[in-house]
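Listed next as structure tokens is one chain, alone, in the form predicted alone.
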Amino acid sequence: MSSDQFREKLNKQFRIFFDKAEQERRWNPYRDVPWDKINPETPEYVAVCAETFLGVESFLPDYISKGLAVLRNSSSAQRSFSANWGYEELKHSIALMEYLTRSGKRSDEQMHDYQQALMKQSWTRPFDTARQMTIYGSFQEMATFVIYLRHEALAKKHGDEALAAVYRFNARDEIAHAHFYEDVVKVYLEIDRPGTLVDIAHVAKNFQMPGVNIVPDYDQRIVLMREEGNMDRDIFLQKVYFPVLKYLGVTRQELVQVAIDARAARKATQTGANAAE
């Protein structure tokens, strides 16, 4: 596949993605959430979960600037997707903050202080290439989709239809993002399957959610969220990792072989280094 064919494929995918978003997914966090259906009796731990999601979403400037930097010399479709992604993620932050303040769970002053605390940290891009970051995006967006669905169910359990709607709108965006990333990874696989498989194995081995080490008290927050059915290793494998591989048309056997080949290459390199000594 030539570079022109690569760009054209991605341009077509972005046009389809964007057109569908305009027709089916656009929503207004101020007008489309049923704010009159907030349940004031929703427990505090549910608010802590929403606040944690807001914390992760609040690093949007870092995600955009550092993500676009690695895409600068890639396709215009990927850069355009990143701009659209930022717009949609911004609505997630707005909706979560609106819930926390309209519900009375947090004051405007508390939200200001929380944002100030967040900005003492910065997000570091976890991988170095456009292909690796695209693979990371496919896992991360799918994981976030699964988490939002689980918390939509939690909000419904407590009769909070407003919060459930926030999570439902957010989840709908996240699965669309995941599928765009996956479709781009499919094109990478067409161009260079061996190299892309190596990157998939590398990203999967080193994957972690973006809130780690940047959201205040993240470890404690995650303990609470996991008690409420958040992401753990087994859920990640069953609901994220294996479904993404299936969508990509990648088998676990292929990735096992990649790991075997990598170990053999390291061993050969070490043997050669020892012989040189």
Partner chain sequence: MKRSELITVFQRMASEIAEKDFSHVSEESVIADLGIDSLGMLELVGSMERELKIQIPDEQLVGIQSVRQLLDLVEKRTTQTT
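Residue numbers count along the first chain shown, from 1. Since this is a predicted model, take the numbers as computed values, not measurements.
What comes next is about the form predicted together with the partner chain, which is not displayed.
4.5 Å heavy atom contact with the partner chain in the predicted complex for all of K9, R15 and S65: No.
Hey, of 161-169, 84-92, 203-211, 143-151, which bit sits against the partner chain in the predicted complex at 4.5 Å between non-hydrogen atoms? Going by heavy atoms within 4.5 Å, the stretch is 203-211.
The unique member of Y218, Y241, W27, Y247 whose heavy atoms fall within 4.5 Å of the partner chain in the predicted complex: None of the others qualify; the residue that does is Y241.
Can you tell me whether Q23 touches the partner chain? I mean in the predicted complex, with a 4.5 angstroms heavy atom cut-off. Result no; Q23 lies far from the partner chain in the predicted complex.
Looking in the predicted complex, any heavy atom of R233 within 4.5 Å of the partner chain? Taking the distances in the predicted complex, the answer for R233 is yes, it comes within 4.5 Å of the partner chain.
So in the predicted complex, does any heavy atom of L237 sit within 4.5 Å of the partner chain? Although the partner chain is absent here, L237 would touch it in the predicted complex, with heavy atoms inside 4.5 Å.
Hey, in the predicted complex, is A259 touching the partner chain, heavy atoms inside 4.5 Å? Yes, A259 is a contact residue.
Counting only heavy atoms, which residues in 77-116 are within 4.5 Å of the partner chain in the predicted complex? Nothing in this stretch is in contact.
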